[in-house]
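A single chain comes next, written as structure tokens; it is the form predicted on its own.
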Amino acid sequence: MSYILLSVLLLPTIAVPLVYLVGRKSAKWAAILLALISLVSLGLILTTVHAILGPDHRYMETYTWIPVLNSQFALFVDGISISMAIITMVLMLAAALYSINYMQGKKNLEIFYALLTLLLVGLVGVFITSNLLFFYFCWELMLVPAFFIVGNWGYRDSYKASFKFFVFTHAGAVFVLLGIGAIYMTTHSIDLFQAERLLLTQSPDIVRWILLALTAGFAVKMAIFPVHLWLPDAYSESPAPMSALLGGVLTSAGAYAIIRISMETVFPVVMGTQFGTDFLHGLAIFGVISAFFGSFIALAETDLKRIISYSSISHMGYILFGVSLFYTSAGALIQVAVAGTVLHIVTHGLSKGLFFLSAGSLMNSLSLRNIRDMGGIAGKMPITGTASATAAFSIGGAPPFACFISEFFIFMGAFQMIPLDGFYIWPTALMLVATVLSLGYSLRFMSNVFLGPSKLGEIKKKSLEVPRFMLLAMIILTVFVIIIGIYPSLFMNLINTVTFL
């Protein structure tokens, strides 16, 4: 047996104290070490691509763990989980490099980088395990370093924002734990794939409560309206590298969990029933509400980071709407909706990470947050301006950037669904309107910040551009956003290997 996935999990785990010790000598080298760990982990996990594209469409490792619970320590990747792992490694790589200049001069950076490494452990564990107990451990583990990073190195009222983040997401985790406990009580298994088979023998009356509990808990992490209240403060008050990870990966973990556990493992039991149809319609409704709510607030906001934060709520609405299209009322799978939704998690994650890094660069150079106080910066920050435009137009759904193609596939799924379920006429029409609103706040952002006359007074410097490591991080993500928009098959070939039925 090869130990690829175990190595991917153990490498950052073992590295936590090492990063801390290196950070005590040099914060820069601690950041570089974390970047190298992310790069090596990315290289290791890419070696499983051939197995995913092969006949089994999955790569798995199993180890003996807790016999009394009939539990194995199982690690796996398929087209969905490897896509999530890839964007996690890429964003952590970019965040680590960016932080070298951005966090320079801050105190206790050895702890900051050790916490980022611990966060990587939790994220990777969520995406590559099929053991529900270990999944929950990693789900909660993500919360601990995020709480301290936001609190210690954030901006205004940082601990208030991190406390709100902790309370909301921990409350959501209670529902997740109840759902996992109910799965074990009914199937006597905590393995994702065994539970998927065994749940089919259970009464739908029991399973529907499991489905509701899990989905509600995961929706809190996604920050779906009305359980979104933690997100704007946590995102806007975090340091830029953490904002990129929060916006790019942590909320995406909630979307991944809904797809992997709620929809793939639990939902097939109630599929084809009236409850199953109502559940999917409910997801669509909350998706539409979240998309409009986030877009309207983003159109009204003037704080640089809060605009981007509310756009995250909007795009989580896109993803939830896409999830509602997975199955028809008769139980048939709409594969293009699955592919588009998973791809949108990837494209949104990379675009939002780039957007937050760009915002951090603006704040670093200008010491401003209000977009009304900016203007005419494009010539002074050309690389940051290019990165910001790439992120903004991608989030706005403009071609040929990454989010356009994933939104296109989601709407293809919706158009396939409408003849089969007339309910989706109005949600689809409203989501099309939401795409116009997304482009609206993206154009407003670019116009106020980079175009028009400067409102900064006399600028003596020829350039306000940020230092090289911050530029390198933004360039890496910019390249990814453009390439995926032009050639989405990089991920689509992997995602299309996954079939739920």
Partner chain sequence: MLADVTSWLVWIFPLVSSVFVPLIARAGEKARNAFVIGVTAVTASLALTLIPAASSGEGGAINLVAPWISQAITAGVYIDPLSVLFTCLVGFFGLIIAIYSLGYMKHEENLTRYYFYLLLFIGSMIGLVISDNFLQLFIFWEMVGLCSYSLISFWNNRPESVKAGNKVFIMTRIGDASLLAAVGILYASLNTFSFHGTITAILNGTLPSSTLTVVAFLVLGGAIAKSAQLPLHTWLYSAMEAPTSISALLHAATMVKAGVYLIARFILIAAPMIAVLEGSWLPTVAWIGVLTAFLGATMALYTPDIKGVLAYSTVSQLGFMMAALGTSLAASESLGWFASLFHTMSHAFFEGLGFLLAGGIIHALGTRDMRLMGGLRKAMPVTYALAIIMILTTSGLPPFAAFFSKGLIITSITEEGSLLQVILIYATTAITFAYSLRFVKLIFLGKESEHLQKLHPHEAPKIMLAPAFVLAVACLIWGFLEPWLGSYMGVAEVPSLLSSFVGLETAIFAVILIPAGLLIYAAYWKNYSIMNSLRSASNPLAKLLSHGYFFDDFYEKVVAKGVMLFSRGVKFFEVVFLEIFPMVFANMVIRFAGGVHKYFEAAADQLLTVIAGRTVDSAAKVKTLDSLADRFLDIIARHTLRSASRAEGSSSSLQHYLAAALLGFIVLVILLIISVGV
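Numbering follows the first chain given and starts at 1. Every value quoted in this text rests on a predicted model; they were computed, and no experiment measured them.
The following text describes the form predicted in complex with the partner chain, which does not appear among the structures shown.
Of the candidate stretches 81 to 89, 243 to 251, 193 to 201, 293 to 301, only 293 to 301 contains residues with a heavy atom within 4.5 Å of the partner chain in the predicted complex. Put simply, of 40, 32, 451, 51 only one has a heavy atom within 4.5 Å of the partner chain in the predicted complex, and it is 451. Think of it this way: in the predicted complex, the partner chain has a heavy atom of just one of 122, 268, 427, 232 within 4.5 Å, and the residue is 232. Contact annotation: residue 160 falls within 4.5 Å of the partner chain in the predicted complex, judged by heavy atom distances. Heavy atoms of residue 364 never reach within 4.5 Å of the partner chain in the predicted complex, leaving it off the interface. None of the heavy atoms of residue 327 is located within 4.5 Å of the partner chain in the predicted complex. Although the partner is absent here, residue 444 is a contact residue: one of its heavy atoms lies within 4.5 angstroms of the partner chain in the predicted complex. Judged against the partner chain in the predicted complex with a 4.5 angstroms heavy atom cut-off, the residues 277, 280 and 285 are out of contact without exception. Taking the partner chain as it sits in the predicted complex, the stretch 399 to 416 comes within 4.5 angstroms of it through a non-hydrogen atom at 399, 400, 401, 404, 405, 408, 409, 411, 412, 415, 416.
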